[in-house]
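Let's start with one chain on its own, the form predicted alone, as structure tokens.
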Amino acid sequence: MNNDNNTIYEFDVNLICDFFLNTERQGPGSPEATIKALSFIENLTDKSLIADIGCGTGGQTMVLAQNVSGCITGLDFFPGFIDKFNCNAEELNLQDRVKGIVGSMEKLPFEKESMDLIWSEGAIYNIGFERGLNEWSDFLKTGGYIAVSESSWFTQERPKEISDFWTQCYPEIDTISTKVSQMQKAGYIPVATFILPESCWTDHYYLPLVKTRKMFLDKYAGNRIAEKFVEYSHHEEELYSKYKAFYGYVFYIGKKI
């Protein structure tokens, strides 16, 4: 398959969501990375209000809920994700303080300056890193925290193949230093930054996709669009294996001034 001109945005969003519906995580991450990011956040109590924006099926949200005592609202635009999210919360007996709702990250349904923590793993790119940091700040209390994971360059220079791929997929991808500067400009004190380890991609994301791809192809047997999406998924994995020294996901934790 020639992937030179293919990006994930060419595929129907409902098809993409259906592909990821039965995955624990919809992007690179791990319970350990979630807990590490959480370790930099202070002053959370059972009264704290937390929002997980672009929560997907809630893999990371449930880890948060098992490590903090506040109330968490997960928000995602895809109803199927939220149905699965709320089922997961019930299975873990967290439904009294963890609730998923359907909504848009472009128009958050929260009171201004009401949140103690806004969380978003691998999802802020949907609105854009800078825009998300700026607009979501309105919903944080002064002294509240934001924690997001974002695709970032590790080096100033990188091979053309991977540079072209990411620039086409997500033009806002940039270096860690630039992202930290953007966080400061948006009115946050950068508290911590760390690169997600390779296992967040291989063990916790790509390995589970082996089963997911098979189930998806069985469900959409003969559907060329579905087949192309799986081919795209394979291509993305191959690029990561080839160029992982140059990019990855980075957690950025900031405190609102």
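Numbering starts at 1 and follows the sequence shown. Here the structure is a predicted model, which is why all the values come from computation and not from measurement.
We do not show the form predicted together with a small molecule, though everything after this point is about it.
_When the small molecule is placed as it is in the model of the complex, are 27, 54 and 78 each within 4.5 Å of it, taking any non-hydrogen atom of the residue?_
The answer is yes: all three residues contact the partner (heavy atom, 4.5 Å cut-off).
*Using a 4.5 Å heavy atom cut-off, which stretch among 55-63, 42-50, 185-193, 217-225 contacts the small molecule in the model of the complex?*
In short, 55-63.
*Contact label in the model of the complex: residue 122 to the small molecule, heavy atom within 4.5 Å*: Yes, contact at 4.5 Å.
*asked:* So in the model of the complex, is the small molecule close enough to residue 103 to count as touching (4.5 Å, heavy atoms)?
replied: Judged by the heavy-atom cut-off of 4.5 Å, residue 103 is in contact with the small molecule in the model of the complex.
*the small molecule contact at residue 86 in the model of the complex, heavy atom, 4.5 Å*: So residue 86 does not count as contacting the small molecule.
*asked:* Taking any heavy atom pair closer than or equal to 4.5 Å as contact, tell me whether residue 175 reaches the small molecule in the model of the complex.
replied: The answer is no: residue 175 has no heavy atom within 4.5 Å of the small molecule.
*asked:* Can you pick out, from 95, 163, 134, 126, the residue that has a heavy atom within 4.5 Å of the small molecule in the model of the complex?
replied: Checking each option against the small molecule in the model of the complex, the one that comes within 4.5 Å is 126.
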